[in-house]
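In structure tokens, one chain follows: the form predicted alone.
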């Protein structure tokens, strides 16, 4: 087995676009991850803190896959399962790390670019001789023994689904639903530029496997709590435009979050509303965290700004058009610093109104 490398090679001409793996056959492929996990009896499955649909859908689909193959599985997330994703099939499989250290034969890390994104508690509780990873972040630090990293994939869920299809692994309706949510949410409802023909071909196979698209769409897009609507109102009122309207930003202090009764999961998606404005090239959302740090979420509309490279300057990372970082400093200081640097990178004079 060839691990500890991510040597991407060109796709063989013989592969057709209808191949479920498409252009995801490079590097340490799914088959190598599968082989690495084959002899592990107890497997822990984890993903990044403050999980999104891709992290959760991938985690639950992987848990079902490995459980169906006879492994004893445990699924953890530092923050557990957000309320808004409670509809996911098999949601009860996912929990928070235990109070004591747990020993496993292997850990499967999904949709996570850096080890610290897994969370301090999780890292303190999980012990295993083998760590493997499947991820699509360009900023992935390859911190595990065996990696399958494919930055061209729009979602980790697509990589998993492609692997299942290529290996002939049965996809149950529950697995298909989780994978569909992973792909649909991380592609922005199939809007983002990495969405490909393979994406739709894989999704079509998932729908045939039992996804109820209407029902799942209702859960994803039409079941928001009232407090999230109040947060949107707050965010829009406090939106600022700068750099000749090319940058849109908004913020949420800890005091404001408490007053609105906001949960961490409620902030997802706000930044996409800012990015949707025609003149805006870059959208930024600043959220003051309980530990006093500022969480920066950054979205770029085109290649005028590499969001991942920008956030790596602050110790973060992500994708070229969607990235984030946790930054030390006051809310006002971080906002000023980031917006000035954004304007400089875009080569636009910073003026706000």
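Numbering follows the first chain given and starts at 1. These figures come from a predicted structure and were not determined experimentally.
The form predicted together with another copy of the chain is left out here; the points below concern that form.
In summary, among the residues 302, 31, 41, 68, the only one with a non-hydrogen atom within 4.5 Å of another copy of the chain in the model of the complex is 302. When another copy of the chain is considered in the model of the complex, only one residue from 258, 72, 123, 213 comes within 4.5 Å through any heavy atom, namely 213. The three marked residues, 295, 314 and 320, fail to reach another copy of the chain in the model of the complex, with no heavy atom of any inside 4.5 Å. Contact check for residue 101: every heavy atom lies farther than 4.5 Å from another copy of the chain in the model of the complex. Within 4.5 Å of some heavy atom of another copy of the chain in the model of the complex lies at least one heavy atom of residue 241. Using a 4.5 angstroms limit between non-hydrogen atoms, residue 78 is distant from another copy of the chain in the model of the complex. Looking at residue 203, you'd find a heavy atom of it within 4.5 angstroms of another copy of the chain in the model of the complex.
Picking from 168 to 176, 131 to 139, 185 to 193, 107 to 115 the stretch near another copy of the chain in the model of the complex, with a 4.5 Å limit on heavy atoms, gives 185 to 193. Shown without its partner, the chain has 180 as the single residue in segment 167 to 184 with a non-hydrogen atom within 4.5 angstroms of another copy of the chain in the model of the complex.
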